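Below you will find one chain, with nothing else, as structure tokens; this is the form predicted alone, and questions on how it binds or moves follow later.
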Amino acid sequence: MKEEIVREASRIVGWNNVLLAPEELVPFRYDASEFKGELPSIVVMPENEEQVSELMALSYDKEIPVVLRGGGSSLTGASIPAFPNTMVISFSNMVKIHEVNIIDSYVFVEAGVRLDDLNAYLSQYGYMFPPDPASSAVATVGGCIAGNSGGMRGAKFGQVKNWVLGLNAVLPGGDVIRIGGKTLKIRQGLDLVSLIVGSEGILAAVTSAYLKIWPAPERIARVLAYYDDLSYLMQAVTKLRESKLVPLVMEFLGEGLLDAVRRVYGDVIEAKGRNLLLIDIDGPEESLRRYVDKAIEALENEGLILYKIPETPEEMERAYLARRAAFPSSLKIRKKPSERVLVSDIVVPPSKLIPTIKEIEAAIDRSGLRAPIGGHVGDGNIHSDIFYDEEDEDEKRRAWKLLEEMAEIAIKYGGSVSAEHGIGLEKRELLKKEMKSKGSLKALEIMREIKKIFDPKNLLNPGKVI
């Protein structure tokens, strides 16, 4: 990168907030996906919105591509450079929580605040920010807004898009926009907040956000139910939904993932049963027992092996961590160091879960690959960790084909190729396939035109999504 650009970036953020050495830049070629990006030319870590604005103006003037970086936990390659000579703007220094307003039910935070830190802060007020992706220890507010993250509490609270009231963001060229606000209701013409949420950093750099907050559950009961036959587990899910209970969490782990989790969390995960359904039910003390009894009634069928209700706070936390750690735990069942994991993330209407999973299992069998499944069954979101040997071109081809087949199954049952992991590099062609199946390729044309309006030089996270 030209020396004058390095000097100017250093003037804006200070030399101590600039990374240039190859060994400092290498981590930014990677995120949590299987992709390897280009080595960025420079990484800058601004401390405030004004510096972000100046950096975006510098990028625009010198036509330098920019990738925005939060915690780097994307599973689709959304947060790595797709092209050389790229500037990465890391929000690791923008971690202020400016304001909490309980009466108005919002918190105002900078983009670099990590979700676990935010919820730890809110806990002193008895509140929480409900979306909880598995990567919440590292995932940032800005990254979750860009990815429209979900997580285990999605069964009750949905995705990040339901919890963003307003945004401050910087456009390519350096202009700052302030959209939405502090109120639960607002009309400002076209809804630009919703447009930026989930845009994966291709439209604007979110610097801070007004987030809606919610009272933390008064009490939680956690139930672990074990089944040998996955169809019986899914029957239980159907009965739970028919019961009109709205669990805080409704998760399942299939056989392969459950085996992996048992290796790490065997102290709280029973050895019996090939599949696990984990549900959380929240409510006031005086009502919780009735809710739990109603849930157990729905869980009981001829395929139920046993159920367990963790009683101590330590047991409850370990059981919760076991589900959150399913993906990293699955890495322990790799057969050799060269095995990689391609993560599927599809969604269907919950009423279509049983036929969807049956077809997915058949596709896995045809592929000859190991691809254990699990997911957020409360909202119809299914994940699969597809293992393949990166040194075996045939296995790699079959892994990508299986990913495509799973996406096609989701489309067939009225779902989508991506639930919460986004499009990034991984699912651009699958998104096109989904839109084509709906007779809606025009929607992609509109997305491209919107991208041009926000970013006429195509400098912001180029090569992603569309």
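These numbers were taken from a predicted model, which means no experiment stands behind them. One-based numbering along the sequence shown.
Just so you know, the form predicted together with a small molecule exists too; it's not on screen, but the next bit is about it.
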In terms of non-hydrogen atoms within 4.5 angstroms, which of the given stretches 323-331, 181-189, 287-295, 233-241 touches the small molecule in the model of the complex? 323-331
Quick one: does residue 420 come within 4.5 Å of the small molecule in the model of the complex, counting heavy atoms only? yes
Does at least one non-hydrogen atom of residue 146 fall within 4.5 angstroms of the small molecule in the model of the complex? yes
4.5 angstroms heavy atom contact with the small molecule in the model of the complex for residue 32: yes
Examine residue 379 and determine whether its closest non-hydrogen atom to the small molecule in the model of the complex is within 4.5 angstroms. no
What is the one choice in 139, 347, 258, 128 with a heavy atom within 4.5 Å of the small molecule in the model of the complex? 139
Work out which of 253, 279, 75, 209 lies within 4.5 Å of the small molecule in the model of the complex, going by heavy atoms. 75
